[in-house]
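The form predicted on its own is given below as one chain in structure tokens.
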Amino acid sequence: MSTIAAIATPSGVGALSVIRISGPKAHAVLQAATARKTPLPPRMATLVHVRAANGDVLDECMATCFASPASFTGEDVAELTCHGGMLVTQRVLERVFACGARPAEPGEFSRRAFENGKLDLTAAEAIMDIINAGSDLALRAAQSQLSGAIARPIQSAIDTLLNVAAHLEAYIDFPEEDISPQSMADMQTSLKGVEVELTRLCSTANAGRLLREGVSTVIIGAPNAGKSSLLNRLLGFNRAIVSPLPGTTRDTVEESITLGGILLRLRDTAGLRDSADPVEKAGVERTRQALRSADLLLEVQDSTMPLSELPELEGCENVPHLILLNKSDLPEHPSRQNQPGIRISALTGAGIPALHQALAEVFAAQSGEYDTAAAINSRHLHALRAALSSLQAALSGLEANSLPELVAVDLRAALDSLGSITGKVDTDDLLTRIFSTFCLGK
């Protein structure tokens, strides 16, 4: 096994930077780079000087050593905390390479932690979710996943399936020992319990997507209703051009904010209307494209104008939809006096707190999912669905008194699918695909 090294802090200028070294020669590499005659004490930050081959001091650093297996990767690890300049950090890293380490690949530290049993795949993926978290709830879910919130129910399901499979295979080996009706009922009860738990995990996939990617929130309305003004008000700065002339917005404008712990990806769109202007027509078409991927619609209406309906929003029937009656600082048109909706003024900010509350309430029915310890990602969902399909085939086989060998095959397929979630039965190609998404130094 080679010894690897990389900068473990973001690129750019800062007060400090960290260089991580891992592998069988990590401590020897550190000792050579610092020209020390004795090894550093473990788990104790020590002031050192990293020196060039000619003895010149490259930087004054703090060094810490961790002995295998009590380290992040499970290998010998050394870390150098250097001054945060880009040039000095690169010079120190080059010296580490010259002393026997090689550049680490993206995600290689975490992959070694996985291969050495320090992490399962769900925990490894949680590390990247923590790094990329864009909201409080996304961070909380990732931290819970890192602590085993997904791995625990998966392992419990695996244990149950193993018990049932062991019972069946014992009968296959010793057919004279018939399966009693009670044993058959117990196996079915156990498998149905697993089915319920896997179905529950599958139901968190949408929440997981929204937590990781954010809620695609499309602001729609007629031209000059105040869509861009609302975007600017929610963001707290002037992002979109605002003009009294209809049709000013010709393209979608996207920005993100965090509201109630949820990341909202706000998209201001061109006003929906028929137009002969080819540029405006292209903008309206982009609005319709945005609607097809929306998780939430904010329909802005000009409350000073007569009540009218937007063109039909095809494909958005099941998308949460809030009606915002804008320009509440001006007299309301008589036709709107009893119209339901949230009355706001994007100009003055009136009604914006009520909009914040309504946005939170839109997802109140799903709050249990958002507050759960973790929510699965698309890879987990694919494996869970495959496991459910095999599990349900096994249940059908038991109920139809199929050959136990056939039921055992279905149970084994379910176990393989569940094992792929935590990494028990993964191929090298899958591992490479997962860990290659990690940042360098992790």
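All values reported here derive from a predicted model rather than from experimental measurement. In this text, residue numbers run from 1 along the sequence as written.
Not on display, but discussed next: the form predicted together with guanosine-5'-diphosphate (GDP).
> Heavy atoms within 4.5 Å of guanosine-5'-diphosphate (GDP) in the predicted bound form: which stretch in 70-78, 151-159, 84-92, 226-234 meets that?
Contact-bearing stretch, as computed: 226-234.
> Even though guanosine-5'-diphosphate (GDP) is not shown here, does residue 327 get within 4.5 Å of it in the predicted bound form, heavy atoms only?
Contact check for residue 327: yes, within 4.5 Å of guanosine-5'-diphosphate (GDP) in the predicted bound form.
> If you check in the predicted bound form, is residue 119 within 4.5 Å of guanosine-5'-diphosphate (GDP), heavy atoms only?
Judged by the heavy-atom cut-off of 4.5 Å, residue 119 is well away from guanosine-5'-diphosphate (GDP) in the predicted bound form.
> Would you please decide whether residue 216 lies within 4.5 angstroms of guanosine-5'-diphosphate (GDP) in the predicted bound form, comparing each non-hydrogen atom pair?
No, residue 216 is distant from the partner.
> Using 4.5 Å between non-hydrogen atoms, is residue 222 touching guanosine-5'-diphosphate (GDP) in the predicted bound form?
Result yes; residue 222 sits at the interface with guanosine-5'-diphosphate (GDP) in the predicted bound form.
> 126, 138, 266, 346: which sits within 4.5 Å of guanosine-5'-diphosphate (GDP) in the predicted bound form by any heavy atom?
Exactly one listed residue reaches within 4.5 Å, namely 346.
> Heavy atom within 4.5 Å of guanosine-5'-diphosphate (GDP) in the predicted bound form: which residues of 15-43 meet that condition, in order?
Going through 15-43 in order - heavy atoms within 4.5 Å of guanosine-5'-diphosphate (GDP) in the predicted bound form - there are no hits.
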